[in-house]
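This document opens with one chain alone, in structure tokens, the form predicted alone.
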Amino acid sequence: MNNEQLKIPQATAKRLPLYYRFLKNLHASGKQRVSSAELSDAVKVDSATIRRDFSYFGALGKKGYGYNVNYLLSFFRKTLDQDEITEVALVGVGNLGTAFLNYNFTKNNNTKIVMAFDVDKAKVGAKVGGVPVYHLDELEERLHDEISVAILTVPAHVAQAITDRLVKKGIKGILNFTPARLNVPDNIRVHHIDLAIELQSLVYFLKNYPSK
């Protein structure tokens, strides 16, 4: 996102890809207009929040008319830089890493894993999902300036050391799937995704906040 988009609340920014995905589906089905209520039902975000999110970008729709799907799709494509491909590196080609490589964000035409790193001799030199796997020792040599994002799917005890190397090579964003809480400079963005904690949290809410 450019500097203008950085002024919007982070919670809004996180919902933009969700809106974009639904709008792509609407466009593919031939739908021309959509109301905030329809959006709300599809993405499970209340309509007041959707209207507030959209208001940060000016008048995107008219009351009683709804939103023009083609216009919204074009607007959010530009907002999310969908016309520019973000190249991503993945470190750790275990079960989770392999799944990422095979999936490779096929529904997001602006994000692509272009290289992976591991220490397993059986994996190094091969391709997984069409993505070349290099030895971790080659990280500094292989990473280039066009890669600003890395996905970390390595054992927790090596996560910080690898993160330090990624930061030194100019990586600006890390999607961390390890339990380790990484220490990085203030200008580096880290999103922690701990699947075990998310599952534990889900079970807790199911037990303590049952649906009515």
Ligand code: ATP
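Just so we're clear, the structure is a prediction, and the values are computed from it rather than from any experiment. All residue numbers refer to positions in the sequence shown, first residue = 1.
Here the subject shifts to the form predicted together with adenosine-5'-triphosphate, a form of this protein not shown in this document.
**Report entry** Segment that reaches adenosine-5'-triphosphate in the model of the complex - one of 149-157, 49-57, 24-32, 65-73, heavy atoms within 4.5 Å
**Finding:** In the other structure, the partner sits against 149-157.
Query raised in the report: Going by a heavy atom distance of 4.5 Å, is Val91 a contact of adenosine-5'-triphosphate in the model of the complex?
Result: Val91: yes, in contact with adenosine-5'-triphosphate in the model of the complex.
Query raised in the report: With a 4.5 Å heavy atom cut-off, would you call Val119 a contact of adenosine-5'-triphosphate in the model of the complex?
Result: Result yes; Val119 sits at the interface with adenosine-5'-triphosphate in the model of the complex.
Query raised in the report: With the cut-off set at 4.5 Å between non-hydrogen atoms, does Met115 touch adenosine-5'-triphosphate in the model of the complex?
Result: Met115: no, not in contact with adenosine-5'-triphosphate in the model of the complex.
Requested in this report: Answer with yes or no whether Lys123 is in contact with adenosine-5'-triphosphate in the model of the complex, where contact means some heavy atom within 4.5 Å.
Outcome: Heavy-atom contact with adenosine-5'-triphosphate at 4.5 Å: present for Lys123.
Query raised in the report: Is it true that Leu101, Leu143 and Ile171 each have at least one non-hydrogen atom within 4.5 Å of adenosine-5'-triphosphate in the model of the complex?
Result: Not a single listed residue reaches adenosine-5'-triphosphate in the model of the complex, so no.
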